[in-house]
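What follows is one chain in structure tokens, specifically the form predicted on its own.
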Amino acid sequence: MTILEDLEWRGLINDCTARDALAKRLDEGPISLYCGFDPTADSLHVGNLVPLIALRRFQNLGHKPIALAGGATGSIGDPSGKKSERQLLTKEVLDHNIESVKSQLASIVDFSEDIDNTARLVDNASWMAPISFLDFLRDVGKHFTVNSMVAKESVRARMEDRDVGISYTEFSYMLLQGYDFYHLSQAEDCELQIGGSDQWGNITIGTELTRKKSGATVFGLTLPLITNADGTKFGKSESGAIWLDPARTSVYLFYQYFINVDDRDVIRYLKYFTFLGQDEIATLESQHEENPGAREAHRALACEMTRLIHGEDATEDAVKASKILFGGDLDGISENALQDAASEIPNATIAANALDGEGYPLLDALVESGLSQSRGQAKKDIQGGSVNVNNIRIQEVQAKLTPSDVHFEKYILLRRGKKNYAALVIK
């Protein structure tokens, strides 16, 4: 399939300018294309992934991707899809955020210098900062009427809310993004901009400005904004956004987010987010329809996404941590995997010397960890066969925890019943 046919099959084309002309141009040979993101945080989140992964889909077929960090536009704030004005960020914060997300971008697009179509990361502040306000009004603003700008969905929605409205600062955002496209078309021979469907108005400003200023034909393509089958926003969990930075969202939680997606969403998300082909996804879809409880499609989605963002080793750790918290044994577990598992369950701290001598009574450990409310209840739990140490059942009431139970000189995993876990952290 061509890239447009593949995107169509995956359900990833929302709008496209002059699609037939774009298809013809893509048939003629590789092009440069870009996708922008405003560095409003020091990490990307899974809501950023669809257009960035689309950049890699183009790159895999020989096209040259450009990731644009909005050092300039990020200081203004995009009103698209926002009910109120964003908080303005300082240059220092924006620069820090751009630097922080570089490694995350490198997991999605290929910046290797030994390939012809290596990806590039650019910052629009590098070309916007030298332009004076008067020059911008004369060279860009004169090409657009206020009437046409007000008609854009991102502006109209805010103007209809009289209590909030829209500042002139945010009103001008689309002109800045439009100029980005014009600049890249001149400096990088960039012919295509992609983005979420909420960027359609901003993208068409860029195609129009480029045509008016240089006579060149450039194209815009938008991808759908992802929502879950239940109507909730994709990329949100009870604890907030699912970030790509493992310091903000652990690899284990990242993996769990995808393995727990709604059954109605899993095949759709395999198409949206993974590089699996039609045959592979068709097989997973068939397996899912025949036995959804096996969760083969969910595991494939979670593994593919975690491998893409965090790498093979971290994915293996996340899988092992997941198995641990479903009763799997700890043989061969890595420290990272056990640490991930321990970070997701209640912790209790005991001193290392408490394990010396005869050891630390399991009855006390169950009470200390909160798994049992009293020593009497702990005794009943053990006698009932519901207590496990490191996922090994213990039925001896007088059992003691000793240094041999400690993994990586730090953790002992306790479980009561099937789902009640706690970690003893040895200090």
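Residue positions are given as counts along the sequence shown, with the first one as 1. Here the rigid core means the biggest group of C-alpha atoms that line up within 1.5 Å when the two forms are laid on top of each other. All figures in this text were calculated on a predicted structure; none of them were measured in a lab.
Beyond the structure shown, there is the form predicted in complex with the RNA, which is absent from this document and is the topic of what follows.
Point to revise | Contact label in the predicted bound form: residue 30 to the RNA, heavy atom within 4.5 Å | key: No, residue 30 sits far enough from the RNA in the predicted bound form that none of its heavy atoms falls within 4.5 Å.
Check your understanding: Can any non-hydrogen atom of residue 386 be found within 4.5 angstroms of the RNA in the predicted bound form?
Key -> Within the cut-off, so yes.
Review point. Using heavy atoms and a 4.5 Å limit, would one call residue 326 a contact residue for the RNA in the predicted bound form?
Key: The answer is yes: residue 326 has a heavy atom within 4.5 Å of the RNA.
Review point. Can you check whether residue 295 is within 4.5 Å of the RNA in the predicted bound form, heavy atom basis?
Key: Yes, residue 295 lies within 4.5 Å of the RNA in the predicted bound form.
Check your understanding: Using a 4.5 Å heavy atom cut-off, are 322, 398 and 416 all in contact with the RNA in the predicted bound form?
Key -> Answer is yes for this spot.
Point to revise | Interface stretch in the predicted bound form with the RNA - options 251-259, 135-143, 345-353, 208-216, non-hydrogen atom within 4.5 Å | key: That would be stretch 251-259.
Point to revise | The single option of 263, 335, 290, 313 touching the RNA in the predicted bound form, heavy atom within 4.5 Å | key: Contact residue from the list: 263.
Exercise for review: Indicate whether residue 56 shows a C-alpha shift of 2 Å or more between this form and the one not shown, with the rigid core used for the fit.
Suggested key: Superposed on the core, residue 56 moves its C-alpha less than 2 Å between this form and the one not shown.
Review point. With the core lined up, does the C-alpha of residue 11 move 2 Å or more between this form and the one not shown?
Key: False for residue 11: its C-alpha shift is below 2 Å.
**Study point:** CA of residue 35, rigid core aligned, shift of 2 Å or more between this form and the one not shown
**Key:** After core superposition, the C-alpha of residue 35 moves less than 2 Å between this form and the one not shown.
Review point. How does the CA gap of residue 420 and residue 247 change in the predicted bound form versus this form, closer or farther, if it moves 3 angstroms or more?
Key: Compared with this form, residue 420 and residue 247 lie closer in the predicted bound form.
Point to revise | Distance direction in the predicted bound form for the C-alpha atoms of residue 298 and residue 419, relative to the displayed form (3 angstroms or more) | key: The answer is closer, because the C-alphas of residue 298 and residue 419 approach each other in the predicted bound form by 3 Å or more.
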